[in-house]
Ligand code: CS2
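Read the single chain below, which is given as structure tokens and is the form predicted alone.
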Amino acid sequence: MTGSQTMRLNLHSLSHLPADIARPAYDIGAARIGVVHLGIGAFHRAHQAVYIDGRLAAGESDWAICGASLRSPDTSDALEPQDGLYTLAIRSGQGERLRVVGAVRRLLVAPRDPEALIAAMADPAVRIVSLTVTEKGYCHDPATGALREDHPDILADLASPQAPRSAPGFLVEALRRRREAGASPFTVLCCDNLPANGRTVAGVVRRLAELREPSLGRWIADEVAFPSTMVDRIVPATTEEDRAAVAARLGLDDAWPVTAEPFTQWVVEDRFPAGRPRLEEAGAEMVADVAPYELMKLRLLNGSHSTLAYLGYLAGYDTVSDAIANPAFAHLIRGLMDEEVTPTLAVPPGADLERYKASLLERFANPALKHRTWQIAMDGSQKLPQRLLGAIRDRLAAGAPIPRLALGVAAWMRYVLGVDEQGKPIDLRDPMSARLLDLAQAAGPNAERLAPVLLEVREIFGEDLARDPRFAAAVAEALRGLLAKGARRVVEEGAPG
């Protein structure tokens, strides 16, 4: 809390909000839970929950959210005393708009009470279970999309299926109970940045179910829908400064507001056998095929974001807007989009690709967001395969050059050394951090040793890329430049090749 004398945001204090603060325009107490969401973090609360909030305001009162944390209790502990209410601060160079969101009606913490979460998912009133658990939350191999059957959480879930640890484990056990009770299954709605995310999660969940009980795997394959989605909104991590600024505007304490850019997009495969809210009336795009939208976003936005994050961090830029303000970085990213990524895309019908790319540079430059390069650089082992390596494979198959894409991979390798260009330690946050640091530190800051040893990490690069001399040579060349000159000089001189 920002001050011991300040009233806390909750249902009782809503009437104290200033008139210019938007608030739920519906009877919050009458809203019934129809969605369980796994991974009740900042992105969900700034994105999907806002769409649901709009549908509740429109009278679709059966779609309120039960949000569950699979790891940390922090979000639940912050929002429980607030009756699930929180503030969304939409920020741009033109100013800030605040909105209190009321869609989250219940909060659970899986490690504290896994049975409560399973029971909530098994409730027949719940027709959608959605997820934002990040790429690493699916216990899969990012290079292949297959379930990692040796993952510690999967082994634990197989040993104690009634008290799962992983998102797939909770899905399988809740679906098993619904089958046993003769209830219809819920729709599984993945909202994470995975390629073909619906199909990928379906494969992971079915395989875990098969390992438990082959007939359960067959039932899930036959009866459960896993529509694919594409989500897009830049949502930085909330800071203490954000909390203080929001409290000053509200006149109330909000323990965990979220900030976001004005832009938001949600493209959803329209496949919901158990029913769904009218998301299209809240601005979502309901389509037959998400794939072209997903590829465009993963490669143009996310691929550019990761490249900018690693190079920008190494160059000493704390935020994305700081990095893109350097004309050389903006030129590099636009060249990456135009010359190396765009030729790999199948453009969705009606999409204005040039306008989309220009809008991405404008969004990256938003000075109000303070989106830290370090935050985007997290979990690179899980992000690289879909953000950069897919485009690289397509370019290599076409016999086309990859200098900027290779530079993005090389910047990740330089980052994995764990020491920045000033000799200070890098806080490497990655599920493979221990292994990556061991490999990188054994190889040392030498491109001829470092690049080959990291390319041998098959979970990231698969079997093909490490053996492709064109890829290996391009990455090694880019890495040599980064080690010899530093990221800023490399970018300002132009990408290798």
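Sequential numbering from 1, following the sequence displayed. Bear in mind that the values here come from a model prediction, so they are computed numbers and not experimental data.
Just so it is clear, the following notes concern the form predicted together with the ligand, a form of the same protein that is not shown.
Under a 4.5 angstroms heavy atom criterion, identify the one residue in 387, 404, 276, 395 near the ligand in the predicted bound form.
Filtering the options by heavy-atom distance leaves 387.
Can you work out which of 357, 297, 179, 105 has a heavy atom no more than 4.5 Å from the ligand in the predicted bound form?
Looking at 357, 297, 179, 105 one by one, just 297 meets the 4.5 Å heavy-atom criterion.
Would you please decide whether residue 334 lies within 4.5 angstroms of the ligand in the predicted bound form, comparing each non-hydrogen atom pair?
Residue 334: no contact with the ligand in the predicted bound form.
Considering non-hydrogen atoms and a 4.5 Å limit, does the ligand approach residue 301 in the predicted bound form?
Yes, residue 301 sits close enough to the ligand in the predicted bound form that at least one of its heavy atoms falls within 4.5 Å.
Is there a heavy atom of residue 199 no more than 4.5 Å from a heavy atom of the ligand in the predicted bound form?
Although the ligand is absent here, residue 199 would stay clear of it in the predicted bound form, with no heavy atoms inside 4.5 Å.
If we define contact as a non-hydrogen atom of the residue within 4.5 angstroms of the partner, is residue 140 a contact of the ligand in the predicted bound form?
Residue 140: no contact with the ligand in the predicted bound form.
At 4.5 Å between heavy atoms, only one of the stretches 112-120, 144-152, 369-377, 82-90 reaches the ligand in the predicted bound form; which one is it?
Contact criterion met by 369-377 only.
Each of 68, 132 and 165 having a non-hydrogen atom within 4.5 Å of the ligand in the predicted bound form: is that the case here?
Result no, not one residue of the spot touches the ligand.
Going by heavy atoms, what in 207-236 lies within 4.5 angstroms of the ligand in the predicted bound form?
231, 232, 233, 234, in sequence order.
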